[in-house]
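Below sits a lone chain in structure tokens, taken as the form predicted alone.
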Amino acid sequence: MALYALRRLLGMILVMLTVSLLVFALVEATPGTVAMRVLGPYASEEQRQLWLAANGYLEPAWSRYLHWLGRFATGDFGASIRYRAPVADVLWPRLGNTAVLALWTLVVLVPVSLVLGVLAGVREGSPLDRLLSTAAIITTSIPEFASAVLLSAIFVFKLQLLPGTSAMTDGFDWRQLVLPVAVLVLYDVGYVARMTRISVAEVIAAPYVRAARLRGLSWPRVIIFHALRNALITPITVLAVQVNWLLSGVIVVEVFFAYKGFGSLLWEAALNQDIFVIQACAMVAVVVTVATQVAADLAHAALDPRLRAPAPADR
């Protein structure tokens, strides 16, 4: 297990270094463009050259990349063009807000989707299975902006039960989280439930499950102690992907509800061509994505001993 974890960690570092090279090449490879974005289009050529020299942009590309990577590793992301403040001061609070939104989304999403998926998989082909599968397809087919409009029309304008924005201007308010969490759960619960259903149905059809039933074990005991261990492998991998989506793929939800999170920060940075914020968001998203994928692989290996077993020697 330790060797498997080490290999995954080395792979994680390699992926992050590769992506960092791509980000640097796309944004930092043309220093003149960076200077123009920072100083504005009306800065003179002399002012741009002075800024480039003061910030080390006249050094060779490999040297600039190493310095750039070192600053990122220590949390120095530069200064935001739009906010006129260090990027870290803007990024970390926004990332924390998205973490709160993602946490409550997962708190609702994980148990609901797993329970629905297990119920459908255990009763494959039954009316309950068909009902849950149809509902899952419908909810997954509705994009976030459509469900956000629908839920706002019902709970904000019609029933007037919930606020229409989630800016949290007066401090934390759980009522302002209800609609964003509901939109995210509604969109994703069907997908995770369907993947869980497929995995459970495959495991139940396995010979060892039938053998356990023939030995006289009760059906709930077979499901809980024999089938779920292997059936959870696929859902865990799927949920790891959902964490990545919750980090950077919730732009529509955060912008719609005026939620000050990571997704809306990335959207604002793109609109204002705030290149240092874009760089920081890209690198943070990559770190979280790779880290969650490695965690999912380790959990996968813990559930499936075949993955951590040494490969047989060639004869």
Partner chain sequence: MGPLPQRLRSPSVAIGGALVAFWIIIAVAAPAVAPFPPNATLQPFALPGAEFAGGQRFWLGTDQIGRDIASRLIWGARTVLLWAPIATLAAYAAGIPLGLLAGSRGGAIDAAVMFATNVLLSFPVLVLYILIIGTIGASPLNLVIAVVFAGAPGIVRLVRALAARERTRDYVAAAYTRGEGVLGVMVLEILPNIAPTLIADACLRLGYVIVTLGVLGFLGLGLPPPDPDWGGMINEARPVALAFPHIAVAPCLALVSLVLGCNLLADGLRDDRR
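Keep in mind the model is a prediction, meaning the values are calculated, not measured. Positions refer to the first chain, counted from 1.
Although not depicted, the form predicted together with its partner chain is the subject of the following passage.
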Worksheet item: Going by heavy atoms within 4.5 Å, which of 206-214, 71-79, 232-240, 156-164 lines up against its partner chain in the predicted bound form?
Response: 156-164
Fill in: its partner chain in the predicted bound form: contacted by all of Phe145, Val255 and Ala270, heavy atom 4.5 Å
yes
Fill in: Interface residue in the predicted bound form among Ile138, Val115, Leu103, Leu131, criterion: non-hydrogen atom within 4.5 angstroms of its partner chain
Ile138
Discussion item. Looking at Val222, Ala88, Ala201, Val178 here, can you tell me which has any non-hydrogen atom within 4.5 angstroms of its partner chain in the predicted bound form?
Written reply: Ala201
Item to complete: Mark Val23 yes when one of its heavy atoms lies within 4.5 Å of a heavy atom of its partner chain in the predicted bound form, and no otherwise.
Response: yes
Discussion item. Although the partner isn't part of this model, could you tell me whether Val15 comes within 4.5 Å of its partner chain in the predicted bound form, counting any heavy atom of the residue?
Written reply: yes
Item to complete: Consider Ile278 of the chain shown here, and say whether it contacts its partner chain in the predicted bound form, taking contact as heavy atoms within 4.5 Å.
Response: yes
Discussion item. Using a 4.5 angstroms cut-off on non-hydrogen atoms, would Ala282 count as touching its partner chain in the predicted bound form?
Written reply: yes
